[in-house]
Ligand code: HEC
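Here's a solo chain for you in C-alpha cells, the form predicted on its own.
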Amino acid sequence: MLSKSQARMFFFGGTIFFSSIFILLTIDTLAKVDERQNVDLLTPSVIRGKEIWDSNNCMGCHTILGEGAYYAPELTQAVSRRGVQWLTIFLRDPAAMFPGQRRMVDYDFTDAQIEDVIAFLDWIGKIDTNGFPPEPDLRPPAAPVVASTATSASRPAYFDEVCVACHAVGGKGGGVGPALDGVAKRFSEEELHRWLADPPSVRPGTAMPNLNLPDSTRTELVRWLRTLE
C-alpha cells in the first residue's frame, strides 16, 4: 500500500507523463495537417464548391468527414464510389436517377456549379482519413456469379461509371435494376438501342431515366451488351 507521499508522487508523475504524451501527439497531428489535407490541391474550383455546399446547407442532410446529418448518404468518398460522370448526371436531375425514391432537392445547378461541387467532393475524398469511412459491416447478400463471354477490357467505361450503380454483371454491381447477364438473348440490337435512347418511351413508368446518351456512347454500350449471352 502506498503512503500519502508516494501516492502524491504517483499521481503527479502519471499526470506529467500522460500530459506530455498528449502534447507530443497534438504537436505531431498539427504538423501533419497541411500534408494530410492536400492543401496543394485546394483549387479555386474546390473553394467555390465548398461555398455552394455551405450556401445550400448540404450538411443538413449529408455528412462529410463524419460531420453533418444522417438523413442522406455519407459523401466523404462519393467520387471514388460513384465517379464523376454519375455524380454529374445525378446533380443535374436527382429525381430522375431514382424515381420515387430520392428526396433530394433539384437545385438547378449550372454545369459550372456541378463541376465545382464535384471538385470539392473529390478534394474531400483525397484527404488522408486513416480509412474513414469504413466499409459497411452489413451488406446485401452477393448475387451468384454468372459467367459472361465479355472480357473486362471490352467493358465500356460509361458502364463502370454510371450503369453499374443500378445493374450487375457477373454478380457485381447494383441491384436497383435487373442483372444484365444474358441480355443479348433477351433483346435484339435494335431493341437495346431503343431502350437506351429513351427508356420511359419504351416502358412508361420504368425506374430507369433517360440519360440522354450521345449516339457514340449508346452504340458502344449496345455493342458490349450484345456480347453478354
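Numbering starts at 1 and follows the sequence shown. Superpose the two forms; the largest set of C-alphas matching within 1.5 Å is the rigid core. Worth saying up front: this structure is predicted, and the values here are computed from it rather than measured.
Heads up, the form predicted in complex with this ligand isn't pictured, but that's what we're talking about next.
Shown here without its partner, the chain carries Trp86, Ala96 and Leu225, all of which come within 4.5 Å of this ligand in the model of the complex through at least one heavy atom. Shown alone here, Ala112 lies farther than 4.5 Å from this ligand in the model of the complex, counting heavy atoms only. Contact check for Tyr71: a heavy atom falls within 4.5 Å of this ligand in the model of the complex.
Although the partner is absent from this view, Arg155 stays clear of this ligand in the model of the complex, with no non-hydrogen atom inside 4.5 angstroms. Using a 4.5 angstroms limit between non-hydrogen atoms, Trp123 is distant from this ligand in the model of the complex. Contact annotation for 177-196: residues with any non-hydrogen atom within 4.5 angstroms of this ligand in the model of the complex are Gly177, Pro178, Leu180, Val183, Arg186, Phe187, Leu192, Trp195, Leu196, listed in sequence order.
A displacement of less than 2 angstroms separates the C-alpha positions of Val162 between the shown form and the other one, with the rigid core held in common.
Shown in the overlay between the shown form and the other one, fitted on the rigid core, is a CA shift at Ser55 smaller than 2 Å.
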